[in-house]
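Take a look at this single chain, the form predicted on its own, given in structure tokens.
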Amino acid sequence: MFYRAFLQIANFVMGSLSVLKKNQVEAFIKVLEEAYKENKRVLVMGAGRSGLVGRAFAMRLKHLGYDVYVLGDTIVSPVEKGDVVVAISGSGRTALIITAAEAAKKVNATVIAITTYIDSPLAKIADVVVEVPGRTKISEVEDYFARQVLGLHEPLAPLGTLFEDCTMVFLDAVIAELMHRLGKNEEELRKRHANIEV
């Protein structure tokens, strides 16, 4: 089971590259590139595992020299006009994220939605949408044991796993591209890495 699941996830992530839309990816990177040059703040947000992926992305942005924050942390600067908000939600329907994105729009921040669903409420709010593939088929039978009895087998990667894994790899690739465009190297990033750790 482990090897099947590993291969399914790895193959899905590899296949996702062919369905990412180049114009969406370029628009996202361009917004971040301009935010760096204009010293704009970046706020990253996501709920649950998407939030953890967002935190990893925010850390790398910090290493690049961005003024970056994560929604929900104790220390978060206010979002102002021209700042960038990166909202991560596979379904694009997470209430907390939609509410926060709407608040960002009210102050004229640029909202970027990373989601699987282009027609979702989050995507409709956003200035830039990046469609990242994820699990699209949800079983109508919610009870796990009932699905087993009925022979309804789910993917080996449950819930939002495929979206979250694809998003993590996608955002790491975005960091690599930003390093190239901003002329940064690993040594520069290391200087901004935490040096007080236990």
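Just so you know, these numbers come straight off a predicted model, no measurement behind them. Throughout, we count residues from 1 along the sequence that is shown.
There is another form of the same protein, the form predicted in complex with a further copy of the same chain; it is not shown, and what comes next is about it.
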{"query": "Interface membership of Glu38, a further copy of the same chain in the predicted bound form, 4.5 Å heavy atom rule", "finding": "no"}
{"query": "Asp73, heavy atom within 4.5 angstroms of a further copy of the same chain in the predicted bound form", "finding": "yes"}
{"query": "Ala27 within 4.5 Å of a further copy of the same chain in the predicted bound form, heavy atoms", "finding": "no"}
{"query": "a further copy of the same chain contact in the predicted bound form: Val31, any heavy atom under 4.5 Å", "finding": "no"}
{"query": "Within 4.5 Å of a further copy of the same chain in the predicted bound form: residues from 72 to 102 (heavy atom criterion)", "finding": "Gly72, Asp73, Thr74, Ile75, Val76, Ser77, Pro78, Val79, Ala95, Leu96, Ile97, Thr99, Ala100"}
